[in-house]
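A single chain, nothing else alongside it, follows as structure tokens in the form predicted on its own.
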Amino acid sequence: MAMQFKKPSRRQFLIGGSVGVAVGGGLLLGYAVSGPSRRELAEGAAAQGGERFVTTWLKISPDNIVTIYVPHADMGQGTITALAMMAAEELEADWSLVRAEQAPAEKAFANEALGNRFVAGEDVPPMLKGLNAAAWTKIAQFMNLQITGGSMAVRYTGHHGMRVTGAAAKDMLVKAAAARWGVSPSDCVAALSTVTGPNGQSATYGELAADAAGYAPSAAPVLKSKKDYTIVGTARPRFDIPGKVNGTAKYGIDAEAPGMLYAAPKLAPVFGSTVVSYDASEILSRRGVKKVVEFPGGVAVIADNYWRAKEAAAALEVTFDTKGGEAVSSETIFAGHDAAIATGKSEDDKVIGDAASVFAAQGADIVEASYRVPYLAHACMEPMNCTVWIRDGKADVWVGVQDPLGTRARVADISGIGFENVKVHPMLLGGGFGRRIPIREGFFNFPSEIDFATIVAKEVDAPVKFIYSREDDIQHDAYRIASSSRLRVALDEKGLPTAWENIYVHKDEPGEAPHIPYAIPNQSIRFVEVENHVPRGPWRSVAHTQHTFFNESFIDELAHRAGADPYEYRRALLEGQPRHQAVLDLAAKKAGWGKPLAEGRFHGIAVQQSFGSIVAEVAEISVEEGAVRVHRVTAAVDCGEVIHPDTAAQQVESGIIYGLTAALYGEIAIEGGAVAQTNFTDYEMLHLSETPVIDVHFVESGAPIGGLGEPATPVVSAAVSNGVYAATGKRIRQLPLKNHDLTPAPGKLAQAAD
């Protein structure tokens, strides 16, 4: 199945020369320019019984209930609550009357704020903001843009969409009240979902909504000062928690439809293989088995329950053409990395000064080290699944995904059914981490469970739930790419680097991940590309997960070589980076850096900026019987501003646990062209009993809002491995730690303690 998409260039996004900050939430002055307003489309999709959309994302019912539609999936990160808080704050809503839902997979709810900030990001003159937003609305609708990922929800959609939505809606409600009472809007006050007039008049938002909808929303409403916040910055109960506690929450795998059948795949072990032949006669004679359907790279067995489908698929003998892929292994992949780096034929990523001249200088003190990390699976708690029902020229889809509109477009493409005849029913996600995204250039470029479910559903006259087993999920993921890095520095007489060179494998997003914050005057950061047949996709923190381990481990190596304290060494190199120094100082202080630890305990430290946030972590570890035990992780985080304190801390904790799992255990090994791991028995997760105490501290610097879902993940691997060096004198240059014998050499433990 050919699946090629051309990634639009930045030039193609410059609509009419107008690139700038999205004003968000469909608050467009230019509604009439492009036909029916998004507000009208939104009402058609989600309004009932007298409810009115004041702006695209915000609906008010006659009983004064405000419902905020959030164009992001909630994978447990609390996005829907946080973004609703941002809108409600500016709306001056009574929080007890606020509800929030995931936005439907409708073009009216395409997320132009996300596209604008992610691709463009510059300001435009105020008089052009309405036109700019109108242009971005069309782009977002054309691209079916409704993605959740990249820690973008709060810092992009929330700050540049939801806040403006709430503020503009409040202004519209105040204007409606002022017109009703014949007074000036400046004499009216909005608070707690009520507008009060100068002579004691009052009206609820529900009473004013219909009149307010007649006003055009402002492209640039005045936003509140932080000192006036009453909702943002407080720990409000999350909307998603009750259903998860009482069992009423519905995930994709919980989807039900009348007469539903189940499909289980038999996937080619070697990536890129095609089906040659299979004999389904015995399988079709089994009780409950309905049909066998071929799809790219495998065969699906359809039955009246999942167990029968799974057992039949396991028993089905299929012959595959491996296309030579069986010659690929982890050893050949890493050998290819080394060979590509050794050629010297690399491309520029970032160049400062003249590193080559420094390295060539006579008598230069040069240190070199090579690091590498393996492929990683996402290992979501809920295996991949998708339910599709095709009938009467229409398709219904029940699935938990990070991109509902993109999924709708993908199903339309695969099924041949028009986009307008496909309906996606978004379900909760049992983990995402970048895994649950339909095919998009730069993300997943191979068929997924969404494709397979659609292909299978075309062959039966019933709804079909397509489910990966845990083994399918581990062995047929879109993996965090394996990567290698050769690092080299030239040092001055104090052991401080004067030149930094990094040649790494595979340039990935975000582009700044390989860059360093340290004041090194000459830098040459370059990359090589090495292709193979292993499918890859975004994994929590994307390229930061590799490069933070590479760079922060090497900086630690240099500190020890110079006989310097690793914290002080970093701090000195962070001259001119006050935000980095602040989080580094706070993490060190809260962890008790430099103070005596319990016998056998050691500290490691690391810092990184990613997704607009800066995180420093100190890991307190011990080495017991040759294995690492992490006792405590202290994190300091500067994300600019904290929206929901509890959720913010939970995201940092979650990121640390996810990254710690990868550091200690994470490894997808390729043997004979296929994944060697099969389940949690050999692709291990961190157990509750192994989870360290995690202390999280925030620095509210007033900087632009950064992300929180991902920035804590990449730092912990370097912090822990640096702690291992402090404990054992053994420098870890390849993860996971489980593959190393960390028993200190004789005398090393005492030496490290000294």
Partner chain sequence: MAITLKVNGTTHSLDIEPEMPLLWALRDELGLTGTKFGCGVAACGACTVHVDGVATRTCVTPVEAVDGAEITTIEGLAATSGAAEGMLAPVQQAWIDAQVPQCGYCQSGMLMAVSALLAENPRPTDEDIDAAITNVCRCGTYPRVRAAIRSVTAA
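Positions refer to the first chain, counted from 1. Every value quoted in this text rests on a predicted model; they were computed, and no experiment measured them.
Form predicted together with the partner chain: not shown, discussed below.
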Legend entry - Which of 480 to 488, 398 to 406, 651 to 659, 172 to 180 lines the interface with the partner chain in the predicted complex (heavy atom within 4.5 Å): 651 to 659
Inset, instruction - Answer for Glu256 alone: is it within 4.5 Å of the partner chain in the predicted complex, judged on heavy atom distances? - result: yes
Legend entry - Distance check, Cys188 to the partner chain in the predicted complex, heavy atom within 4.5 Å: no
Inset, instruction - Would you check, heavy atoms only and a 4.5 Å threshold, whether Ala249 touches the partner chain in the predicted complex? - result: yes
Inset, instruction - Spell out, yes or no, whether the shortest heavy atom distance between Met685 and the partner chain in the predicted complex is within 4.5 Å. - result: yes
Legend entry - Contact at Lys350, Leu496 and His560 by the partner chain in the predicted complex, all three, heavy atom at most 4.5 Å: no
Inset, instruction - Sort through Pro374, Pro269, Gly325, Pro383 and report the residue having a heavy atom within 4.5 Å of the partner chain in the predicted complex. - result: Pro383
Legend entry - Contact residue in the predicted complex, chosen from Gly430, Gly197, Gly537, Gly298 - any heavy atom within 4.5 Å of the partner chain: Gly430
Legend entry - Interface residues of 232 to 253 toward the partner chain, as seen in the predicted complex [heavy atoms, 4.5 Å]: Arg236, Pro237, Arg238, Asp240, Ile241, Pro242, Lys244, Val245, Asn246, Gly247, Ala249, Lys250, Tyr251, Ile253
